[in-house]
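Next up is one chain by itself, shown in structure tokens, the form predicted alone.
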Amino acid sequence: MKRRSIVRLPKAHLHLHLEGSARPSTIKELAELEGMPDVEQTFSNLPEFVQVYAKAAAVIKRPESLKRICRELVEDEAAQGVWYTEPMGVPQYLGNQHPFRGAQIRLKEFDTDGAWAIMQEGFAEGTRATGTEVGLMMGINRGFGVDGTVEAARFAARNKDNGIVAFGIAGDERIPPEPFAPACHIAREAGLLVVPHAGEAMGPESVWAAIKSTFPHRIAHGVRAVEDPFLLSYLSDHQITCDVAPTSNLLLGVAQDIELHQLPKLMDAGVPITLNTDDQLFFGALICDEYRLVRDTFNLTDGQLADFARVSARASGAPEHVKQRILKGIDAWLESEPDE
């Protein structure tokens, strides 16, 4: 039976990390340029993955390298039928004004504003070439402590009309989100989306803690909410979107098998869902691969895939005209003839 091309389905991509979305060939080239060893991509759990990620990110030491990463990300997203992308990036980690313990200084001659300007140049080059729009999710990492997170939120708030649309919390879920609530409050008051990671390495208690302390618009992952029926109802009733990354969940042990993935239970509960890659550099799946994976595993219809894409547009930080353009494109896709 023919189905419509997933590449042609207009979509937004909302859960991806900037360095973790780089091309493997680019990371290899940058490592050689800096005289650093190739980045090993072997890991079996989340803590090991975090260490591998840090090594990959450390090869970005020059302005032109950062700009290249940003430009190539937009180009790769466009090739996957992504009309709007919302990567998590951390200008403060990249500049020389990092107050975070453990963060590596990479672009020593640039402060946070300078690093952000370089990122914008790369994104803008990609957008001019492809038409795919970009909104940055300013990220903080629990593992680097609370110091500097309020300043990060203030930076994001100052740049709300300059390309930053959301404020995200990544890192080790064993570190509770409550200490980061003041930063999230600043971001929310400025009109930014608040998107903490939760319900991945830890269970429903992680999601509840994020809800009660950060008042999120979306949850990055959230799949382990299925372990608490009341939490599922809460997410559905309050229409809190879960940005799900199936391949990431498989490779990091959050789901033991794709047939056992939590996605159908989230769908059945009425939780808004988007499909995402998380870190395609390490997990080897692009966004269209994620759509195909869940379509083929759970025998989903084109209409159900279109629903994921609609949620991705509506839950994003994209300007309203971009959201409407994507939604109209999805309608046109559904009206087209199956072709794959």
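Owing to the predicted nature of the structure, the values given are computational and were not obtained by experimental measurement. Numbering starts at 1 and runs along the sequence shown.
There is another form of the same protein, the form predicted together with a small molecule; it is not shown, and what comes next is about it.
For the residues Gly148, Gly171, Gly135, Pro204, the 4.5 Å heavy atom test against the small molecule in the model of the complex is passed only by Gly171.
Contact with the small molecule in the model of the complex, judged by any heavy atom within 4.5 Å, is made by just one of Leu281, Leu46, Cys288, Val294: Leu46. In the model of the complex, the small molecule sits within 4.5 Å of a heavy atom of His17.
At the 4.5 Å threshold, heavy atoms of Glu200 reach the small molecule in the model of the complex. Using a 4.5 Å cutoff between non-hydrogen atoms, Arg218 does not count as a contact of the small molecule in the model of the complex. Residues with any non-hydrogen atom within 4.5 angstroms of the small molecule in the model of the complex fall in just one of 58-66, 308-316, 271-279, 28-36: 271-279.
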